[in-house]
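There is one chain below, alone, in structure tokens, taken in the form predicted on its own.
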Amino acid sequence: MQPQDRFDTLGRLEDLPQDYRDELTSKNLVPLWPSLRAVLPPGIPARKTQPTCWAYDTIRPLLIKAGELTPIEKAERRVLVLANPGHGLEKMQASAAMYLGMQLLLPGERAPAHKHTPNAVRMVVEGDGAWTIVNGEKCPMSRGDLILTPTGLWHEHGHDGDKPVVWLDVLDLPLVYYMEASYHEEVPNQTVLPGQGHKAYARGGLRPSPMFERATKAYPMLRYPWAQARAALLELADDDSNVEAVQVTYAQPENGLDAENILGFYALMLRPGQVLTLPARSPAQVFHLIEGSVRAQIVDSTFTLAEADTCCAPGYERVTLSNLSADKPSFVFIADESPLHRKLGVFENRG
């Protein structure tokens, strides 16, 4: 008997007498073997995450309408959640560990200060003049910037400009909620303190060196300006034309670790006309197009991404990205679950 055949001969729940099943239920007991295939499938995990694409030109009108229908005082955070149908829309998750939302802030609005246990980042999609204050550090928000609001840090948003500002929220909320550890606290608006990490760590390989002590902040850099990330990608591509994947990782400047603990964040440049196949790795991935035009092939789905479109891919699947421009690079923001998988010891790269 082959291992697979043996696995397929496990008993079913229906094979057990009803009185025995009733007795188990009355004592809060469940037999494992009828469900073993579901929780430990052979060869590859069962995945609810489906290849899904959210087009910004369909989201934006609905988001603007939300701004007309619901004042910020009634919303606190005015967000449309990008929900993966494989998990069920009511679960409000893009993958097993990632939540996505498009958030709108209108001119003159202020989203009050709070903190929560899930980690969050903001990828600015549209507009200027908004800002986020994180533990007293004021972070300007410009298109393509990545702003961290890590677990337990106070943060609030405000908008001094004259046009709507939209950003993509990426949180590890599904994981923290599943752990029964998700909650928030509120506080009056924060006082802005001197010092901005994106200026202190503005040059690669150089960090501030206080005379008498090292930096003690767990997250010394909270804003990652897109202008710097874009320039780094262009210089990396120019420095070595043989580099197949022109990609940078958003990392903590003091120790080089991932910018946050649970999710990983990256910026990828596709050269003009480039076709790049990403290996099949265990973590799910999210792709958000900052600049250009890209075709994404994920399992049996093909998505054509315009600027500000977002799509997701389940883990253990290859993804092929094609730059549809023959003369301009395209730039993609990527979020994935790699730090979590590595911490749990389940990370795999199957090539």
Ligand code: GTQ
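Remember, it's a predicted structure, so these values are computed and weren't measured experimentally. In case it trips you up, residue 1 is the first one in the sequence shown, and so on.
The protein also exists as the form predicted together with the named molecule; that form is not presented, and the subsequent description refers to it.
Peer 1: Using 4.5 Å between non-hydrogen atoms, is Q274 touching the named molecule in the predicted bound form?
Peer 2: The answer is no: Q274 has no heavy atom within 4.5 Å of the named molecule.
Peer 1: Test of understanding: in the predicted bound form, would D169 fall inside 4.5 Å of the named molecule by heavy atoms?
Peer 2: Contact check for D169: yes, within 4.5 Å of the named molecule in the predicted bound form.
Peer 1: Would H159 count as a contact of the named molecule in the predicted bound form, using a 4.5 angstroms cut-off between non-hydrogen atoms?
Peer 2: Outside the cut-off, so no.
Peer 1: Contact between H114 and the named molecule in the predicted bound form at 4.5 Å, heavy atoms?
Peer 2: Close contact exists here: in the predicted bound form, H114 approaches the named molecule to within 4.5 Å, heavy atoms only.
Peer 1: Using heavy atoms only and a 4.5 Å cut-off, decide whether all three of V79, R122 and H155 touch the named molecule in the predicted bound form.
Peer 2: Every residue of the candidate spot has a heavy atom within 4.5 Å of the named molecule in the predicted bound form.
Peer 1: Considering the named molecule in the predicted bound form, find the one stretch among 237-245, 193-201, 175-183, 96-104 with heavy atoms no farther than 4.5 Å from it.
Peer 2: The contacting stretch here is 96-104.
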